[in-house]
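Next up: a single chain in structure tokens, the form predicted on its own.
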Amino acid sequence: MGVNTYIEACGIAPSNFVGVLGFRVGLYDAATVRVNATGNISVMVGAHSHGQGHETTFPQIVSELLGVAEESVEIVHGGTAKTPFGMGSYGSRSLAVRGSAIVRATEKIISKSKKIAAHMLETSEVDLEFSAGAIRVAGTDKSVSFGEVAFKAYVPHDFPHEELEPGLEESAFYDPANFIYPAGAYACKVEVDPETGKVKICKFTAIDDFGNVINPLIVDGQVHGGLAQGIGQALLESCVYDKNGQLVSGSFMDYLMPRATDMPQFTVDHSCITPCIHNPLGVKGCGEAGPIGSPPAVVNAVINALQSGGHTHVTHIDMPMSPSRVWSAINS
């Protein structure tokens, strides 16, 4: 058995902090939320998705805040001609930083919607409540739907022109207040064949605290992929160079990418929630957890297996712990 606990600083950091360190860029991110006259919504973000599920998670944020169907929210990314300036997807920052920019832009949409609704309902803005896709006068049955407000914004025949511009589109830049700190505890059970040095992973359990979870299925998938990457690093993947510096593991046949048959069925859990206090969503990064937590757990398990089997002289094996390296350690 091998165990490992980790804590990671991700989401990168506030711009003023990295400025002290000599970085020559800001570490904010941006979003534009455009409510169209028909009520459907376009969300323009400054960085591209490369498999994290932005197209699923970001609409959930807008849907929850505005009370609209997720299917009516379109995510626009990948082209700087039509999206705001952003700093990219890395460091497990997409949801914590860019998601927070979406929240801030959507809050501006809600604020303007209340002003328009106050005009429509002939009441004060402070008396209005926004919930479930409608704006209501508190304590009464008087209300207008969010769709009616959006239509009024684009067909402003009766509109508070002295206070507001037509249209319903807002942008926001969000600079993180601090790093975010996901953490977890991983356990791995292995069997080692002492005659061949072959390692078999029998069971792997990963418990993570990612703060508030927007989409559990996507988080499960990111952890699964990260575990496969980390276990591959621990047992299989290796760049080998000859004495002249020539790469000799130049194909996947030599490099040994992990396959499905190399992986166990993972047990993952992320219900131990301590929300992050530094961003409006209370989220922490999850994309890098698996490859951080899993390699030490696997290595510790292999060392434990060998020592439990009487090979007490083995206290360290370099990764990747290939059969030949494990067999050599046993017989050294």
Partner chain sequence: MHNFEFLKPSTVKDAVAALDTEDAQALGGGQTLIPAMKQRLAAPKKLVSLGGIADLQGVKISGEVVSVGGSTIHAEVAAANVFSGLKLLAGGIGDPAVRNRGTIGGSLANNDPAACYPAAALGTGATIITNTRKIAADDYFQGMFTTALHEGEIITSVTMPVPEVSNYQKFEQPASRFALVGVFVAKYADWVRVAVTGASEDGVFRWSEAEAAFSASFSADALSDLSLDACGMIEDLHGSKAYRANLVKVLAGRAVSAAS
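Keep in mind it's a predicted model, so treat the numbers as computed, not measured. Positions refer to the first chain, counted from 1.
Here the subject shifts to the form predicted in complex with its partner chain, a form of this protein not shown in this document.
- This chain lacks the partner; the member of 240, 202, 138, 155 within 4.5 angstroms of its partner chain in the model of the complex by a non-hydrogen atom is 240.
- Residue in contact with its partner chain in the model of the complex (any heavy atom within 4.5 Å), chosen from 74, 107, 129, 193: 193.
- Looking at 253-261, 107-115, 178-186, 141-149, the stretch with residues near its partner chain in the model of the complex, meaning non-hydrogen atoms within 4.5 angstroms, turns out to be 253-261.
- With a 4.5 Å cutoff on heavy atoms, residue 323 counts as touching its partner chain in the model of the complex.
- Taking the partner from elsewhere, residue 171 is found to have every heavy atom lying beyond 4.5 Å of its partner chain in the model of the complex.
- At the 4.5 Å threshold, heavy atoms of residue 215 stay clear of its partner chain in the model of the complex, well away from it.
- Contact annotation for residue 327: at least one heavy atom lies within 4.5 Å of its partner chain in the model of the complex.
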